[in-house]
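Coming up is one lone chain in structure tokens, specifically the form predicted on its own.
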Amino acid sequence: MSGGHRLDGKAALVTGAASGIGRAIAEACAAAGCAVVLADLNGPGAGEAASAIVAAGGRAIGVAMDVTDEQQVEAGFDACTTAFGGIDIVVSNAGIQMVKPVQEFTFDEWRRMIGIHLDGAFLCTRAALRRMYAAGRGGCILYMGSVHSKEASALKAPYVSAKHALVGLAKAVAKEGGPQGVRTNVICPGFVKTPLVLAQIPELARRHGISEDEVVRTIMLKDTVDNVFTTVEDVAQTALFLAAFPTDALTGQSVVVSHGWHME
């Protein structure tokens, strides 16, 4: 569903697009008339998701991409410009999660978390800006933040740190990119029932000494207004709205999509 927002003639690249939020965003963009590159560490999964879009009448290709690898990022953006004539929209969505106290994280684990969420966002941003500036037609960069871009939870220090940092990156790029017609915004979902979130439940239950049902009720949905998970469709429609927004009035902002978990 495109929600009335159209992206005809545009080309987008979405990272972490083989499943979950990334796939839902790619599908929403394609349904709105956008050509889409689905980039994912799981290259075959990205290809399968792209094939499903093509089967539904859209334009899409899948590429394998480790967002922490400069060469793979550049190759993915080259694939977009080759296949679709340019790049107008980037959704930096790839991410992972680890749940443990700060003192138990190894430095390698910390660096991996920061690398995927923040370094990957930087590499995609740099690749996008170089091409958007050269083409002279502006563009839109969306970062997948989180309610944890605004507040913290225990046992998620590197994730919270990276998601906070994305807000700063988006603001800086909004200032730099504005004169060139490039907008940047951060989408900040609450808990979305994806494999990434579902995998946290047993570990959170063990760490907090509560049942898995209590994790959902007292941690994940505790501060929502309706005890409902945010959906991938909720996030995809927010991304579509931001990507299709017609002016630079909406840039450098963070849009929280959390059933009221966090309010500003």
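Everything numeric in this text was worked out from a predicted model, so none of it was measured. Just count from 1 along the sequence shown to find any residue number.
Below, we turn to the form predicted together with a small molecule, even though it does not appear here.
The small molecule is not shown here, and in the predicted complex it never comes within 4.5 Å of any heavy atom of Gly252. Put simply, Asp234 is far from the small molecule in the predicted complex: not one heavy atom of it is within 4.5 Å.
In the predicted complex, the small molecule lies within 4.5 Å of some heavy atom of Val192. Although the partner is absent here, Thr184 sits far enough away that none of its heavy atoms falls within 4.5 Å of the small molecule in the predicted complex. The putative spot formed by Ile89, Asp119 and Lys171 is not touched by the small molecule in the predicted complex; no residue has a non-hydrogen atom within 4.5 angstroms of it. The contact with the small molecule in the predicted complex, taken as any heavy atom within 4.5 Å, belongs to Leu196 out of Leu196, Leu221, Val54, Ala205.
In plain terms, the part of the chain that comes close to the small molecule in the predicted complex, with a heavy atom within 4.5 Å, is 138-146 out of 80-88, 138-146, 98-106, 174-182.
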